[in-house]
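Shown below, as structure tokens, is a lone chain in the form predicted on its own; questions about how it binds or moves come after it.
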Amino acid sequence: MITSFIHRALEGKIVVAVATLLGIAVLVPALNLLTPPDSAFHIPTYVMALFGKYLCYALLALALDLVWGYCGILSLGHGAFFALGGYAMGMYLMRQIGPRGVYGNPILPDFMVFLNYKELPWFWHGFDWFVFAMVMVLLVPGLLAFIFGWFAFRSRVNGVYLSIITQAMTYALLLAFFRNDMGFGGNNGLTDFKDILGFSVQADGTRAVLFAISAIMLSLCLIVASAITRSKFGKVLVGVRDAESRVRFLGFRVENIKLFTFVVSAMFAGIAGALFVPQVGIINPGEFAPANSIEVVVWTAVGGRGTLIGPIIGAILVNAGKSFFTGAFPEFWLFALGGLFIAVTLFLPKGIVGTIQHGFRTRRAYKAAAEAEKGRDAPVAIAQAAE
């Protein structure tokens, strides 16, 4: 069973993508740790951390592509699942500070001492254990997605209405986490992390390992997403996207199909958020901002939704462009992002990877038609092959 699962996933471009990511997971940390700082091949730690952040964003875009590109669910709330995974990791990192905080309290984080908390809130218990925190990284976003999807999909909320309520969900969480009495640090969030599994989060070696884990987790999630979309279940997913009423008429429980995909996607986003926090050094309610979820949609559209590889490329390219523009022309970044989205929508509606794939398919169709249909009308054969 496992062998067939891997065989379905590791085909064609997925093999190339996974091999590339695994190569990056080894090469970039090696060039950071094993080469002298004055070497032309040396990768500075800040550059490695920056690209580690891009990989986390790429995993978030992959999560959105699974539900939008293959199931037709345009979620404008995936930033919420990303942030919840980040908060779960942040809570673990805060518990590791112990008495080294500003106030020297071995139990309560500094913000709780400042706000006169008398004891640790019940939902913070257990986060001093790494395994428990990692379970929460998956469980909390997955549980929220399950509860939300259970009601939304069984009520047959679709299209723009579903997009609006997903955005309302993340905005509600934004307002809730801004409150100091929620116990998550209010508008300042969680920061000033010291250790992860006993290793300093600021050490070059730790940052190299975090980068490598980000690339490996992106590879694993890509394999899982590929196996899902290339299976029989994946064919039904595409059917739900293209003709939901027909799939429902054939006897499939469409709401269960959507719910499963939505939960898996939320867990992917939670993993991305958990990897993001120790590399960036902070998690605050700003990650719940609806604009962040909209940006994820832009990354996915630019790369090409429904391709798996496209959103990864789109997330990396757009965020690399953001880093450049916000440094060189900070006042023009939002205009550049909006212009990019409009240009892609008008001229590359399938995205970068989708357009390239369509071009290859068309070229193969012309070639096959020219070779196999010599005795027939060529234009008709070409048109039939392209279809």
Partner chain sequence: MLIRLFSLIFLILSFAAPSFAQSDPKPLINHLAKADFAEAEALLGQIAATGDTRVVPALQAFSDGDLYFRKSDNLVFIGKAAGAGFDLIDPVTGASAGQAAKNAVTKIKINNNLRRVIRSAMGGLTLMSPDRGVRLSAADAVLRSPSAENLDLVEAALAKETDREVKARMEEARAVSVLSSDRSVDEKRGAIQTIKALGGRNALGILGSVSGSIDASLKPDLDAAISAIQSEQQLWDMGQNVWYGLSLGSVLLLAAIGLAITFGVMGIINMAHGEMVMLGAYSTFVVQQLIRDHAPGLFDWSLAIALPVAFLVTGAVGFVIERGIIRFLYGRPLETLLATWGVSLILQQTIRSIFGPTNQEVGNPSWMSGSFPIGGMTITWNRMWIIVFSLTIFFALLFVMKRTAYGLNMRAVTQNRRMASSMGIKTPWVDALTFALGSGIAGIAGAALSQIDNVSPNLGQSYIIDSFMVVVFGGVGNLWGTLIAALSLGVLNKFLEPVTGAVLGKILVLVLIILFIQKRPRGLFALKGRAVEA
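No experiment lies behind these values; they were computed from the predicted model shown. Numbering follows the first chain given and starts at 1.
Separately, the form predicted in complex with its partner chain exists; it is not shown, and the next lines address it.
Engineer: Is there a heavy atom of S163 lying 4.5 Å or less from a heavy atom of its partner chain in the predicted complex?
Structural biologist: S163 belongs to the contact set for its partner chain.
Engineer: Indicate whether its partner chain has at least one heavy atom within 4.5 Å of a heavy atom of I342 in the predicted complex.
Structural biologist: Because a heavy atom of I342 falls inside 4.5 Å of its partner chain in the predicted complex, the answer is yes.
Engineer: According to a 4.5 angstroms non-hydrogen atom cut-off, is N284 in contact with its partner chain in the predicted complex?
Structural biologist: Contact with its partner chain, no.
Engineer: Taking its partner chain as it sits in the predicted complex, is D38 near enough to touch it, meaning that at least one heavy atom pair lies within 4.5 angstroms?
Structural biologist: Heavy-atom contact with its partner chain at 4.5 Å: absent for D38.
Engineer: Would you mind picking out the stretch of 208-216, 111-119, 82-90, 168-176 that comes within 4.5 angstroms of its partner chain in the predicted complex, counting non-hydrogen atoms?
Structural biologist: Selected stretch: 168-176.
Engineer: Check W124, F132 and T191: does every one of them have a heavy atom within 4.5 Å of its partner chain in the predicted complex?
Structural biologist: So, no: the whole triplet misses its partner chain.
Engineer: State the residue from V47, V26, L334, A320 whose non-hydrogen atoms include one within 4.5 Å of its partner chain in the predicted complex.
Structural biologist: The residue in contact is L334.
Engineer: Please tell me which of L143, A203, I294, L197 lies within 4.5 Å of its partner chain in the predicted complex, judged by heavy atoms.
Structural biologist: Here the answer is residue option I294.
Engineer: Using a 4.5 Å cut-off on heavy atoms, what residues in 135-157 are near its partner chain in the predicted complex?
Structural biologist: Result: F148, F151, A152, S155, V157.
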